[in-house]
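Next up: a single chain in structure tokens, the form predicted on its own.
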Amino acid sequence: MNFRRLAIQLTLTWLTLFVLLPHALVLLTSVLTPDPGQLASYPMTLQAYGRLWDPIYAQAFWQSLWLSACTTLVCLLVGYPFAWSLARTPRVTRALLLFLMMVPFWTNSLIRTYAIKLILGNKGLINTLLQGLGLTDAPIDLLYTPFAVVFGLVYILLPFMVLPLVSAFEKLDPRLLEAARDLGAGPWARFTLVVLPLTLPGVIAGSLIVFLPAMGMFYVADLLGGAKNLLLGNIIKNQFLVVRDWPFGSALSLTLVLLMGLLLWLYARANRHINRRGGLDDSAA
């Protein structure tokens, strides 16, 4: 009992010092007045929150949402069948494939982003291969485009989509698919009525794990997207380090935190609904 109480107290102390207090400081900074000399000063004002509705920042916010949504969709389309195949392989092979998937994380993501920049450049691997095969006469502009940003984000975040999906597929009872097949359900019916509903928690969890970090990876947009393809993280970084408008940067950061909280709330509601529906189905059976 003493160990349990100690563990809880240490956890609460850690969360208070390194989560609650920093967020409280960000909240306080967001309602202060910008000051080039002291970064932020009194009096308190809501001017920073009013600037969130500026068309320039609103457009950047929607562009960030769009790029993050595209990244999440591509990760889901690629990761779902891969996780399904991975979950159906023998345990030793599955462990080996998961290990190989995680090997790139031994290298810093910034270095891997620079490698992607070299691959997508006019003299990079893709353009060299296309010209060597005679498919193009001139290099294709892949770098500094939305495609490059999504490509880089998918490369970095794809494992975060695959891991929750693999866990969801491992919990899928194969006897349910056999029962559906015996009842005359075709492949598409088995997928839409059995597989997809039962793996939906993994889909939602993986989408959240990909979508939220994608909005803040400013270095990917800086290196691969140029100045025309910004994420919300780029704007926050510029407000703190370049413009030195800490109140507005704090307001943007809190906006991202609130968005994260909203998505987590939606995930909790969806997961509760799925569990309740499963319980009702079991009772009916």
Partner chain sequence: MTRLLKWGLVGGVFLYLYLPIAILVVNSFNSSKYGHVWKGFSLKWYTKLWANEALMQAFSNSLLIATLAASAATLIGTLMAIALYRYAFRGKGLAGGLLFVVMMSPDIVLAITFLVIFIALGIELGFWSLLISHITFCLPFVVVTVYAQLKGFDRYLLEAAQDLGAGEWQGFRHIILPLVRPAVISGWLLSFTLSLDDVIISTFVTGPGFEILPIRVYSMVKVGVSPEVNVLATLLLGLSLALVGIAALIRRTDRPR
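Just so it is clear, the model here is predicted, and its values are computed rather than measured. Residue numbers count along the first chain shown, from 1.
Absent from the display: the form predicted together with the partner chain. The rest refers to it.
Contact annotation: the partner chain lies within 4.5 Å of heavy atoms from the stretch 159 to 167 in the model of the complex, the single such stretch among 159 to 167, 186 to 194, 130 to 138, 173 to 181. In the model of the complex, the partner chain sits beyond 4.5 Å of every heavy atom of Leu46. Contact annotation: Ile119 falls within 4.5 Å of the partner chain in the model of the complex, judged by heavy atom distances.
Proximity of Pro213 to the partner chain in the model of the complex falls within the 4.5 Å heavy atom cutoff. At a distance threshold of 4.5 angstroms between non-hydrogen atoms, Leu67 is out of contact with the partner chain in the model of the complex. Counting a residue when any of its non-hydrogen atoms is within 4.5 Å of the partner chain in the model of the complex, the hits in 4 to 35 run Arg4, Leu6, Ala7, Ile8, Leu10, Thr11, Leu12, Trp14, Leu15, Leu17, Phe18, Val19, Leu20, Leu21, Pro22, His23, Leu25, Val26. Put simply, Leu263 and Leu158 spread apart in the model of the complex: their C-alpha atoms are 3 Å or more farther than in the form shown. The distance between the CA atoms of Met101 and Tyr267 is at least 3 Å longer in the model of the complex than in the form shown here.
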